[in-house]
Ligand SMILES: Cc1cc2nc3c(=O)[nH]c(=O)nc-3n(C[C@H](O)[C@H](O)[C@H](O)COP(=O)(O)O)c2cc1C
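The chain below stands alone and is given as structure tokens, in the form predicted alone.
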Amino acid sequence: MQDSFEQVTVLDNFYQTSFFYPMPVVLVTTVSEDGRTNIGPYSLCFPFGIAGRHAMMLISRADSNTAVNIRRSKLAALNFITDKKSHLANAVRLGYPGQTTDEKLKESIFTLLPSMRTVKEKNISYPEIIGEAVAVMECTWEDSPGIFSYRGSSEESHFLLVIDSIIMKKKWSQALINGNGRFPHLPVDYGYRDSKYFWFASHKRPYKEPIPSDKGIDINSIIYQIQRMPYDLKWEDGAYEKLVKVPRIFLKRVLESISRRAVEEGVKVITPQLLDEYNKKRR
């Protein structure tokens, strides 16, 4: 075989020294000891809890400004920026080790805006957010060892960040809800390589592959669609199962009809019995 596999040595920082691993670009904002917002660029930031307990995992040097600030305040905002070259160039400058918050703020080209959390406690300084970001996750560090603990290198800090709120520029939140095939231009980071450069890839328009129609609808598909609907309703697990035979092409319409009717009737919980009742009346 002409292009055969061969062993690669697994080194520290293996995700960039021993692999081509695509990563996000996130500006993490935290509050410094003097109350100002610090900006730290990171790529080691990944979904950790995706159902029920929504969280992100952030990996940082243990002595970085970001790590020190999170351990003190327990707060952070994850700001996702676009692949605009000037933004990425400034992110690289802001990531230089050893810079103080004051030095970072002087070099930053980004606009800082007040936190948009809907619930805030008095006498607490919340991290500001990046005005140029496409979307922001405002988070609180879950530091209970009973939920997560890391027993690796003391040079690393692993932060389980519970998502308190997600904010997004309007055109992208609408694209998310409508599923119209539009995506923001988020960059891909391949890390620090060859002792000279950080390497980034620009966004390309995603293409779509249809979900096989002969596979039917599973419960996860139903939950996925419901979570993107603007209704304050709770669904019991058994209610999802009532809808698995709905043709995929009609699923969104059926869910909209059920949700609107429930809201009009003052219903807060969608139960299997309620769906049976609605179905009986429809017939």
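Quick note: we count residues from 1 along the sequence shown, nothing fancier. Just so it is clear, the structure is predicted and the values come from calculations on it, not from any experiment.
The form predicted together with the ligand exists for this protein as well; it is not shown, and the discussion that follows is about that form.
Undergrad: Considering non-hydrogen atoms and a 4.5 Å limit, does the ligand approach F198 in the predicted bound form?
TA: Answer yes; at least one heavy atom of F198 falls within 4.5 Å of the ligand in the predicted bound form.
Undergrad: Residue-level contact is defined here as any heavy atom of the residue lying within 4.5 Å of the ligand in the predicted bound form; does V92 satisfy this criterion?
TA: Yes, V92 sits close enough to the ligand in the predicted bound form that at least one of its heavy atoms falls within 4.5 Å.
Undergrad: Does K104 make contact with the ligand in the predicted bound form, using a 4.5 Å heavy atom cut-off?
TA: Contact check for K104: yes, within 4.5 Å of the ligand in the predicted bound form.
Undergrad: Whether Y42 contacts the ligand in the predicted bound form should be assessed with a 4.5 Å heavy atom distance threshold; does it?
TA: Yes, Y42 lies within 4.5 Å of the ligand in the predicted bound form.
Undergrad: Heavy atom within 4.5 Å of the ligand in the predicted bound form: which of P97, P114, G179, P212?
TA: Looking at P97, P114, G179, P212 one by one, just P97 meets the 4.5 Å heavy-atom criterion.
Undergrad: Please state whether all three residues I59, N65 and D189 have a non-hydrogen atom within 4.5 angstroms of the ligand in the predicted bound form.
TA: Every residue of the candidate spot has a heavy atom within 4.5 Å of the ligand in the predicted bound form.
Undergrad: Which one of these stretches, 198-206, 118-126, 159-167, 136-144, sits within 4.5 Å of the ligand in the predicted bound form when only heavy atoms are counted?
TA: Among the listed stretches, the partner-contacting one is 198-206.
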